[in-house]
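Given as structure tokens, the chain that follows is alone and in the form predicted alone.
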């Protein structure tokens, strides 16, 4: 089955095609922050590159967030439109899980996703399992939480480099692998290919309110 992955949760949006062991390709949208204009043309270009059409797509997987309010809405609206028009199965994927899956071998993980201004989405994992809900924190507050870590912790996600730069004096906190530092439609497709199909009307973007205390 040909799976289409969509990720418009952050500035560098991307699309991907996945088909068992035969195909795994990803393309970044040509212009950041112009997801509405670039998303469908990039999907069509990637399908054509691979000798496929929309009729070959059997499942659509979309990143539900957290991330850009506008970007998430564009990605989900596009996915829902394609799903309805062609009766294609649609699956929503948690963006923190999509990041976590690309840090194989790491036991304790903090996924840190850049948001607006100095805010960061954060979620902690032990192994494959989350040990917190996703929260939105001021960057300085998250740095303080990371400084309090007494055991090895791997930081991944689009805010990870910046955070770890503030942690030069910490021996516990390390930067994750390069492939886990940017959003990825291919990661979304790989996770979504294994999930149960969602109900179209129930799929909504994940919005997280900031913790300002």
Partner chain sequence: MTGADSSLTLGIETSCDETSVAVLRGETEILANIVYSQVDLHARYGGVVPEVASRNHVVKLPYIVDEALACAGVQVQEISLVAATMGPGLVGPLLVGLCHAKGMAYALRAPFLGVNHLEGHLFAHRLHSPDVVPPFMGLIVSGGHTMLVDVPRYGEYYVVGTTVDDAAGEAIDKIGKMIGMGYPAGAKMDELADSGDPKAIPLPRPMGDSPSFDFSFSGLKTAVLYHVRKNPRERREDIAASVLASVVDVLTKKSLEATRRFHRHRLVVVGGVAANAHLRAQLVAEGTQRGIDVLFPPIALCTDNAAMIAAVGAFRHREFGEAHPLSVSPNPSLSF
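Positions refer to the first chain, counted from 1. Just so you know, these numbers come straight off a predicted model, no measurement behind them.
The same protein has a further form, the form predicted together with the partner chain, not shown here; the description that follows concerns it.
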So which of 136, 114, 143, 82 gets a non-hydrogen atom within 4.5 Å of the partner chain in the model of the complex? 82
Heavy atom within 4.5 Å of the partner chain in the model of the complex - the one residue of 40, 172, 50, 175 that qualifies: 40
Candidate stretches 181-189, 164-172, 66-74, 150-158, one within 4.5 Å of the partner chain in the model of the complex by heavy atom: 66-74
Indicate whether residue 107 is a 4.5 Å heavy atom neighbour of the partner chain in the model of the complex. no
Given that the partner chain is not shown alongside this chain, does residue 201 nevertheless sit within 4.5 Å of it in the model of the complex, heavy atom to heavy atom? yes
Considering only heavy atoms, tell me if residue 87 and the partner chain come within 4.5 Å of each other in the model of the complex. yes
Report whether the minimum heavy atom distance between residue 54 and the partner chain in the model of the complex is within 4.5 Å. yes
Counting only heavy atoms and a 4.5 Å cut-off, does the partner chain in the model of the complex sit next to every one of 36, 44 and 207? yes
